[in-house]
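Starting off, we have a lone chain in the form predicted on its own, written out as structure tokens.
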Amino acid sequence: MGRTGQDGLTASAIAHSNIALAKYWGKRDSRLNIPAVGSISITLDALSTETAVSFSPDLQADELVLNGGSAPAQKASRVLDLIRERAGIDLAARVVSNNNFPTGAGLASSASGLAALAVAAAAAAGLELSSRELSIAARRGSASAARSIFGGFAELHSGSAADGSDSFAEQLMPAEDWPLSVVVAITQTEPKSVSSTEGMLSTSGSSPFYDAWVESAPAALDELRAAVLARDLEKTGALTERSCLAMHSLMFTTSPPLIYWNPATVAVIRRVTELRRDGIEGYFTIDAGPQVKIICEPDRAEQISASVAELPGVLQTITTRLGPAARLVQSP
């Protein structure tokens, strides 16, 4: 098939982490990794992953080296399988991926890593795919990875097709059209004990509020999209916090409960609301983990960062602007 007789085909790409303003939690189809609801995110410039992909006839199975150590390759293989099928090759691949931020700790390292993988693998296989096609490929590894293909603001559609062909992300607005800042308060560097994939399955099967979450999601998504396009920080921030708390309410009511927060998480939430009452506007959001991300105007970022950094349990703060799309850094 195709290039099986060739030496290894290699490419490298960089993609950036993203955080959802309108959250998704749960899958419409777990096998195809299709989200149950749509979502809107922002891509973060300071948090990135560089991933190199080499297809080689010398490999018997896909291999993943993550941050210098061997790691399970199942998610990567789901993306690679789509690329291989599209390119007509049957070569296994060696994937080497490095994050510049804590891995598996609620900072969307899988999103940036698998988006970078999709871009690099397509190039290594000799494919020229559209952003939509890359987004669908990345989604097979991680639904949030579909959004990291794009810079600025992105929207991931849950779609309705059984094969997932209409579940893809697209750019909602470029970063330069609304250049916000994000302060990331890191309260834990160790990987979380329950993965997002495992947590979503538990929630969809046990939370009494899960169906209501799915039913209310389209209207919530429409409201937040309108606020973003209007560049209304107050409304965008309020809706972002509402979506965050609604998602974590699902987690709290899962059996057994999913409580990703730690005391510092709660302290940062309280500090952000206190600062806002004092006229320093920022809005919190938290993904499946203990880290808090605070969205603000650039001229407020330094004050907010300094204020949350002094809280017990806050290990580090990172201030970032909105980031660019995933991109190749080395092609065959």
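The structure presented is a predicted model; accordingly, all values stated were derived computationally and were not measured. All residue numbers are counted from 1 along the displayed sequence.
The discussion below concerns the form predicted in complex with a small molecule, not included here.
Of the stretches 282-290, 266-274, 296-304, 66-74, only 282-290 has residues with a heavy atom within 4.5 Å of the small molecule in the predicted bound form. Contact with the small molecule in the predicted bound form, judged by any heavy atom within 4.5 Å, is made by just one of 116, 124, 185, 143: 143. Shown without its partner, this chain lists 20, 322, 308, 11 as candidates; in the predicted bound form, only 20 has a non-hydrogen atom within 4.5 angstroms of the small molecule.
Across the proposed site, 16, 101 and 149 without exception lack any heavy atom within 4.5 Å of the small molecule in the predicted bound form.
The small molecule in the predicted bound form is approached by residue 247, whose closest heavy atom lies within 4.5 angstroms of it. Though the partner is left out of this view, residue 204 does not reach within 4.5 Å of the small molecule in the predicted bound form, counting heavy atoms only. Within this chain, residue 131 is remote from the site of the small molecule in the predicted bound form, having no heavy atom within 4.5 Å. In the predicted bound form, at least one heavy atom of residue 200 sits within 4.5 Å of a heavy atom of the small molecule.
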